[in-house]
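Okay, so here's just one chain, in structure tokens, the form predicted on its own.
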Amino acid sequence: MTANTVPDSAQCPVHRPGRDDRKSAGVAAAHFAPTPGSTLVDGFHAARDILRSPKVRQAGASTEHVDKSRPDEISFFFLDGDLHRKRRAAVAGLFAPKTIVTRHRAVMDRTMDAIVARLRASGSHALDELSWQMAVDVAAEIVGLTDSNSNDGLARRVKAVLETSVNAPTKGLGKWIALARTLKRIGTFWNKDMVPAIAARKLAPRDDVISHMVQAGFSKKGMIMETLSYAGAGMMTTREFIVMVAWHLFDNDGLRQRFLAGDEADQFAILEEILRLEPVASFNWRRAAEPIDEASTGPVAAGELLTISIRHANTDEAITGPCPFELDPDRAKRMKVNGPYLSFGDGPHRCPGAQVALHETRVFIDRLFRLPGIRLVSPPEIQWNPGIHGYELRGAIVACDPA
């Protein structure tokens, strides 16, 4: 299958043929690197069918180096089949729409109160730091990291662990230096954040991931792996997405006005369309456990490694209609597609926190853009994170009128 290019169609929904509204397209194209020896899957239907297939297994993210003989000591991310389903089902209620509204929304509002107060007191602030605090507070509530000495300290420690583990060298002396640094930071995170949370859950269990792990008898290693998987997924990508949405709205007056005037459904449509165009992670990987030969995929041999390009699948005209690079919030409804296409993955490994991420982004953006005098002082610099094969946005400064 071949990569998509900007079409010449004159049938664009809002009459801008050839328009490309993506902000991360350049950096993503410059770093487009499917895994050597793998088969690239870039069509929407083939990608979705592979992600949903029971004939494939999780791959990528060093999955091949993970010892799966002790499933209780590894993250749910690396598991497949019944083990994976059971681990996710045990905490599925934490990500349910009702739970988001009745419980997590209060955390989002409380965090935004603090963010707004900080921004109005200082007059300006780094946007990625504000979005990071929102992502940390919400993920901490879901995971159960609520007994640390401070949320600011928790945020710094989680960030330190994730950045050293994701971006660590894989060869030579640098590998061992990075490993030692990561282990030290994990030890600090364990002692300052996880130990007090575990002790509190043993005395009074709550409805969160750590309480579940305590009750299920997870080992120390298993608890760390599971906690960092949920926390990392909930924090790193959400931080980038919030900044990306804000950037689009600062640069597009009409889109910003529509967002602020719209109801919740219309706001979600805008967020999901931005995420379709700007998925934070570019790839998913799967390995065929047995031969596959479907109409959408063609023949796939057992053992074959598949690199699924989320960016290409999300801009496949077979599912987007004309002008796939144009930001059109009405596209999904018109094309009868559910949400942001494949930006959260699909199938059994679809991101469990998808709705949480969308809700916290909506709350953050809605509150931010209603601040008096809100403006973008300096736009973000786009960087590339090879560990997650995705973009990072740093250096954006927002300002507003002082309180």
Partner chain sequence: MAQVTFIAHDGAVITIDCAAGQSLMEGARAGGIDGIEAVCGGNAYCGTCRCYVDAAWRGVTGAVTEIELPMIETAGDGTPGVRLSCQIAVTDKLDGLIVRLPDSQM
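Computed from a prediction, not measured in an experiment: that's the story for all the values here. Residue numbers count along the first chain shown, from 1.
A second form of this protein, the form predicted together with its partner chain, is not displayed here; the remarks below concern that form.
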Between its partner chain and 45, 65 and 301, in the predicted bound form, does every residue show a non-hydrogen atom at 4.5 Å or closer?
no
Please name which of the stretches 22-30, 56-64, 333-341, 374-382 has residues with heavy atoms lying within 4.5 Å of its partner chain in the predicted bound form.
333-341
Can any non-hydrogen atom of residue 92 be found within 4.5 angstroms of its partner chain in the predicted bound form?
yes
Give a yes/no on whether residue 97 approaches its partner chain to within 4.5 Å in the predicted bound form, heavy atoms considered.
yes
Look up in the predicted bound form whether residue 355 has a non-hydrogen atom within 4.5 angstroms of its partner chain, and give yes or no.
yes
Heavy atom of residue 101 within 4.5 Å of its partner chain in the predicted bound form:
yes
Tell me, out of 85, 110, 206, 118, which residue has a non-hydrogen atom within 4.5 angstroms of its partner chain in the predicted bound form.
85
